[in-house]
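First, one chain by itself: the form predicted alone, in structure tokens.
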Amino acid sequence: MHIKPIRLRNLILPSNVAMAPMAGYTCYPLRMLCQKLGAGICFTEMVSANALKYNDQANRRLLLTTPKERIKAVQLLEGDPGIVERAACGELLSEFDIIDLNMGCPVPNVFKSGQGSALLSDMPRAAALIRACRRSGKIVTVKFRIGLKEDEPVAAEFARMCEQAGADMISIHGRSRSMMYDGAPYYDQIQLAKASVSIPVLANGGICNCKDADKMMERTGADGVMIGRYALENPYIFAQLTGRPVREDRYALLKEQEELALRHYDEPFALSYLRSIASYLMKKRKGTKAYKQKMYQCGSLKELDLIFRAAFAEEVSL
């Protein structure tokens, strides 16, 4: 795919390859890793706009960032425009350049609350959320799916609504809410949405290698791609797509993640996070099941490091 910068008002994304927001994963250390490997923008985990009023440890962890994060983008989940406006204009989000509104989460409890992908069937309220967020003065992006059901697509109409309401960029997951995370993406729906708007469009869904990214770009005409769970298994995909040289092996990347996690979080969180990331990085390797069992039974970072060294033995520099 052709790598190019994307302009969002006065902000320039250095590449048109994005890391998708993923609950439980895209904390500060992982965003810094993906930025280093070539991602032009990385989003926080999904944050409840309403929960920000509590200003608790969990939210502070989700919102943690530093000046080293080149472009700061937070994803908000909410269905009430008033709550979104207060959150967007609030002190807790003051460091963030971009607010991404989640209008695609398919999880049942989110959907039943009228948030996430439920907004696909309520465009007036979705538009009100975008307008409310715009009043913060921040750049506003929207992530959504092609529709609730694959035989009832709304991607083009929803894309037009987003642009008219003031969104600066949209990201389209090429699956319906009913498909969850399985099945081939509907390239034609992303293409129709792209043809309907003048703002940048990122295409998401089913990208597991460079060929998939090329196919997505060719078949949709999108301005860039957004990569989700495959990037956990192979974060090098960002370097492969952008042509950025990388020397570090997986073990070295894990050690860097450990150092960042310990610098900014407590040890229990660092241990839990590293187990999750390592589980993806060692996917399809010989002995993975046994290593995972050992990882989730160990109780310290020292023990965990010994497991990492064994699992990635061929990559460890002694």
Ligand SMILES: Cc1cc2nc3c(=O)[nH]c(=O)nc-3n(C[C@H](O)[C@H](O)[C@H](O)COP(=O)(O)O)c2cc1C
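Numbers follow the displayed sequence, beginning with 1. Only a predicted model underlies this, so the values are computations on that prediction, with no experimental measurement involved.
What comes next is about the form predicted together with the ligand, which is not displayed.
Visitor: In terms of non-hydrogen atoms within 4.5 angstroms, which of the given stretches 174 to 182, 121 to 129, 152 to 160, 79 to 87 touches the ligand in the predicted complex?
Guide: Among the candidates, contact is made by 174 to 182.
Visitor: Let me know the one among Met282, Leu271, Leu254, Met46 whose heavy atoms come within 4.5 Å of the ligand in the predicted complex, would you?
Guide: Exactly one residue meets the criterion: Met46.
Visitor: Looking at Gly147, Pro200, Pro235, Gly205, which has any heavy atom no more than 4.5 Å from the ligand in the predicted complex?
Guide: That would be Gly205.
Visitor: Using heavy atoms and a 4.5 Å cut-off, decide whether Tyr28, Cys42 and His264 all contact the ligand in the predicted complex.
Guide: The answer is no: none of the three residues contacts the partner (heavy atom, 4.5 Å cut-off).
Visitor: Can any non-hydrogen atom of Lys194 be found within 4.5 angstroms of the ligand in the predicted complex?
Guide: Output for Lys194 is no: heavy atoms all beyond 4.5 Å of the ligand.
Visitor: How about Lys143 - does it come within 4.5 Å of the ligand in the predicted complex, if we only consider non-hydrogen atoms?
Guide: Yes.
Visitor: In the predicted complex, does Val17 have a heavy atom within 4.5 Å of the ligand?
Guide: Looking in the predicted complex, residue contacts with the ligand do not include Val17, since no heavy atom lies within 4.5 Å.
Visitor: With heavy atoms only and a cut-off of 4.5 Å, decide whether Met22 touches the ligand in the predicted complex.
Guide: So Met22 counts as contacting the ligand.
Visitor: Which residues from 228 to 263 come close to the ligand in the predicted complex, meaning a heavy atom within 4.5 Å?
Guide: Contacts from 228 to 263: Gly228, Arg229.
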